[in-house]
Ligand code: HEM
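Single chain ahead, by itself, as structure tokens, in the form predicted on its own.
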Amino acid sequence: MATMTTQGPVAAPVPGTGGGLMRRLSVVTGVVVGVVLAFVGWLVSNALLPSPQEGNHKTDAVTLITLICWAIGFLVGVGAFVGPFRWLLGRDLSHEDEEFLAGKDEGVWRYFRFTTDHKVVGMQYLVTTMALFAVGGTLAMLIRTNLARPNSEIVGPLAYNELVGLHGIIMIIATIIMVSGPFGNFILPIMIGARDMAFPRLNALSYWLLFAAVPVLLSAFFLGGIPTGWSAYAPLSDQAPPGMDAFLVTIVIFGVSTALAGANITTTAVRMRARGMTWNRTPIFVFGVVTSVALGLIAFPMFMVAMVGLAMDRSLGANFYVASGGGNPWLYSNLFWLMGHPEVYVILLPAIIALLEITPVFTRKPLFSFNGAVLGIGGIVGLSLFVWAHHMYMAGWAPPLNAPFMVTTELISIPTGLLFLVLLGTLWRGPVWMRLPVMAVYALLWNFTIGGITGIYLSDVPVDQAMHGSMFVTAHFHYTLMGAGLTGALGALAYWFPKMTGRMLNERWGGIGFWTAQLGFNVTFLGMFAVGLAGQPRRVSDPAAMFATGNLVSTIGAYVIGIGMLIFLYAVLHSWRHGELAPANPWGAKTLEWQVPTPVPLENFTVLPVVTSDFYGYSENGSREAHPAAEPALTPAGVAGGGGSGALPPETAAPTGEGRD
């Protein structure tokens, strides 16, 4: 096995000389310039636009211009455009400037600047994701508290719908980025043996676009909210208050952010893998992240186009979705669901595949059927583009297509089941090392079995007609996105926490929090299945008294989830600051990110590694010792300070051409 080391105390960094104007720019200047430009945008648009236009479109036009000005001003203020501006002036960035941009010797402050180091961007995504979950979870607690007993009236019907809408979109954004953002940025480049992402500046831009979108989305609280729910069905959304303008600007900015991130991650994985890392030697986690972001590249523009049309409806009276004006509401529905169902797999794939990456490490067995896992991933991606209309059985759009869409939706359970088979096959008869990361595997198997089976039922037209718009559907997609997706993300965090923070996660408190949240989760949503079967509709603030017991059980479960997540958060934050120092490879894993020192050097590798075999060559008999012949071979100095046995000179470390099962 490789000899693992952790870097000792290092000398105080000496600030470099590069950076110039960029040294004065940070998130603080971004907020200041953003607010100033937003005010200017509001002032000018309010003065110049005719008032009132027909249908009072001026309010929406002014709101849209103000929010767009905020986003542009923030990006200018944080320094996102310094590089392109200097290039236009013929004064491109020097080597010292690039080192400053990468955050070299900049300490903690690099996390608050336009920093291009992929590890910094990964940590920025991690903290932002946790903040979004905190806000979305708080809104969920308000929703459940309102439903705890009949006639509670903690919030009125309109405010309740606004809470549901904001909770939905905040959680959707958080779950989309929860794996691909932190781990796709921090871990993936090291895992494939690269020194950075293919486009470091675009990488930083994708994060700061997301950051700029967060205040825009939160401003909806003060602009009348999102009473339509996060689906924002037109023409209801045409008539919604200005909070809807904040929603659609958020979606467009977020769409641009994910497109940049997706193109960057895909290019990095395709073009920058280490020598000898053929596709059948590439870690399965890379497949999960790349297919996820590639699917997003296809799906998310649909939602962006829908939002652009909605913006034109609201600010210009374009009537794309208003039937009385010649528009067609089904156009919106199709655009939304062309994004809406692939988006489920954008969330699920990296989370499930992260657990596929983890399981061989803790069972000390090869991944059961690597090719089967890749086939399953490909099948899910392909079929997910042809299932969107099962959300529209009850809409009356193209009834003859209901049967074909029912078939494609049922078919997608086959590749999904294949991934389950790979997971179970890897666990089968393995001497499982029961640590916190692998506990997420068992929780996912339970949760996603329930979410998957109920999904098969709901894909049938008759069952969907009976359950449409009920709490049964709400429970189903929470079992899928939270029970599988978020559980996978928590397992990934527990697994890669030592490499990302340099400290071990407190598994005692982490485990207590994790299992408490899992218990509460099942109480909450099994209760929701019960009231859904009994007929309780979604998005009703004061359901009938006959559902009182089920709703009380679900609310108690929700509070248990909240307690569990707070305990887990305590474990993360306390360990981050006071946890035991982590060795370079605490799990004895074989992928490249564990062969570099902790903390990871700025350029990851002194000399790029050469890979001669796959990373799952653990002993077939379940021994915790790696199979000697399967040790990934690295060039002598390929892992600065980390190293590993089996190091071979480059000329002898040529690819072996070994295949897989």
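Keep in mind it's a predicted model, so treat the numbers as computed, not measured. One-based numbering along the sequence shown.
Omitted here: the form predicted in complex with the named molecule. The next part is about that form.
Of the candidate stretches 181-189, 385-393, 135-143, 236-244, only 135-143 contains residues with a heavy atom within 4.5 Å of the named molecule in the predicted complex. This chain is drawn without the named molecule; in the predicted complex, the residue among N264, T128, T409, T175 with a heavy atom within 4.5 Å of it is T175. In terms of contact with the named molecule in the predicted complex, the residue from R538, K104, R149, R275 that brings a heavy atom within 4.5 Å is R538.
Within 4.5 Å of the named molecule in the predicted complex, a heavy atom is found for none of F420, L427 and Y618. Contact annotation for T474: at least one heavy atom lies within 4.5 Å of the named molecule in the predicted complex. Though the partner is left out of this view, G168 does reach within 4.5 Å of the named molecule in the predicted complex, counting heavy atoms only. Put simply, G229 is close to the named molecule in the predicted complex: some heavy atom of it is within 4.5 Å.
A residue is said to contact a partner when one of its heavy atoms sits within 4.5 Å of a partner heavy atom; F100 fails this definition for the named molecule in the predicted complex, lying far away. The partner is not shown here, but in the predicted complex the stretch 475-505 reaches within 4.5 angstroms of the named molecule through a heavy atom at F477, H478, L481, M482, L486.
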